[in-house]
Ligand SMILES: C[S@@+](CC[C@H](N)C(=O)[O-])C[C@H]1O[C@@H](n2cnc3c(N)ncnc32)[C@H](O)[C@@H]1O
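Here's a solo chain for you in structure tokens, the form predicted on its own.
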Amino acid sequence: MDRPKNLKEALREDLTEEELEELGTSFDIVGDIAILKLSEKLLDKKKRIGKALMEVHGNLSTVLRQTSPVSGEFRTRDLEVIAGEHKTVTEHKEHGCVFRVDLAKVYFSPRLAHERFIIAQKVNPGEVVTNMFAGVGCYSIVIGRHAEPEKVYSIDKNSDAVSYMRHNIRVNKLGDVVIPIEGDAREAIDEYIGGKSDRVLMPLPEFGREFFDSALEALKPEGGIIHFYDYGEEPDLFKPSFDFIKSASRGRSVKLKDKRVVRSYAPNLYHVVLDLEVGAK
């Protein structure tokens, strides 16, 4: 029997046309686990939908339904197994790197793979990089693999994320480059990293404005680059972010080198990044 081409084709005999429209097409695949959201109208069909997704994607071991929004300090979400093995841990491959991740305990998005590679391509040989919200180490490890940094200080407050980060650094053989640090980014910069960095990465838009002062402190006295992630709304996606940066720059010169939309979050709301060249103190 031929494998169905897509999820709607696999469910054509099980769901009504209205239910198929309600289903949508958006889901994430992380390693051998798929994560999808379902509307209330489809919950009685969730197990059949999960099984159908495994029929379409033969490499899947598990299908999870996201049952809560991403929330909290560690940006986690509640998940329910609706098909396959009862697990939330998987290994995800991206740009020649391997990441072990527990989707119930840490924040991880495969949709950021392109952005991670863009950042790695911007890093110059010999740079010292600070990743303020590193999670399981994805940005840090992609930088370590595809650029030639001297060091990447990789900070996260979630002990589960740091545990997986240490594992990922080891299996990707980057122990001499990527330095895992468990703790609050502000405290880590105050204690270890202040004034050492050529480049600072702030990959969580939820915390960018709150921690921008610490990103400035992480830079070397002569200045450097900050990748500032924020939320932008139409019609002007970037101006409010840059206005904030100018007001929070403590008198240091800030030049906008690049700006881009990372992804859409909701109608008229976007995840954006501004690449900033910060001058000397």
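Computed from a predicted model, the values in this text were never measured in an experiment. Start at 1 with the first residue shown and count on from there.
Keep in mind that the form predicted in complex with the named molecule is not shown, yet the notes after this line are about it.
Consider Pro180 of the chain shown here, and say whether it contacts the named molecule in the predicted complex, taking contact as heavy atoms within 4.5 Å.
No, Pro180 stays farther than 4.5 Å from the named molecule in the predicted complex.
Answer for Asp176 alone: is it within 4.5 Å of the named molecule in the predicted complex, judged on heavy atom distances?
No, no contact at 4.5 Å.
The named molecule contact at Ile82 in the predicted complex, heavy atom, 4.5 Å:
Judged by the heavy-atom cut-off of 4.5 Å, Ile82 is well away from the named molecule in the predicted complex.
Mark Tyr153 yes when one of its heavy atoms lies within 4.5 Å of a heavy atom of the named molecule in the predicted complex, and no otherwise.
Outside the cut-off, so no.
For a quick test of understanding: in the predicted complex, does each of Phe27, Val30 and Val98 have a heavy atom within 4.5 Å of the named molecule?
No residue of the spot touches the named molecule in the predicted complex.
Contact residue in the predicted complex, chosen from Leu103, Ala134, Ile189, Val142 - any heavy atom within 4.5 Å of the named molecule
It is Ala134 that has a heavy atom within 4.5 Å of the partner.
Though the named molecule is not shown, can you say which of Ile119, Val128, Leu112, Ala147 has a heavy atom within 4.5 Å of it in the predicted complex?
Exactly one residue meets the criterion: Leu112.
Proximity to the named molecule in the predicted complex (heavy atom, within 4.5 Å), stretch among 82 to 90, 120 to 128, 200 to 208, 166 to 174
Partner-contacting stretch among the options: 200 to 208.
Taking the named molecule in the predicted complex, which residues along 62 to 85 bring a heavy atom to within 4.5 Å of it?
If the 4.5 Å heavy-atom criterion is applied to the named molecule in the predicted complex, 62 to 85 yields Glu73, Phe74, Arg75.
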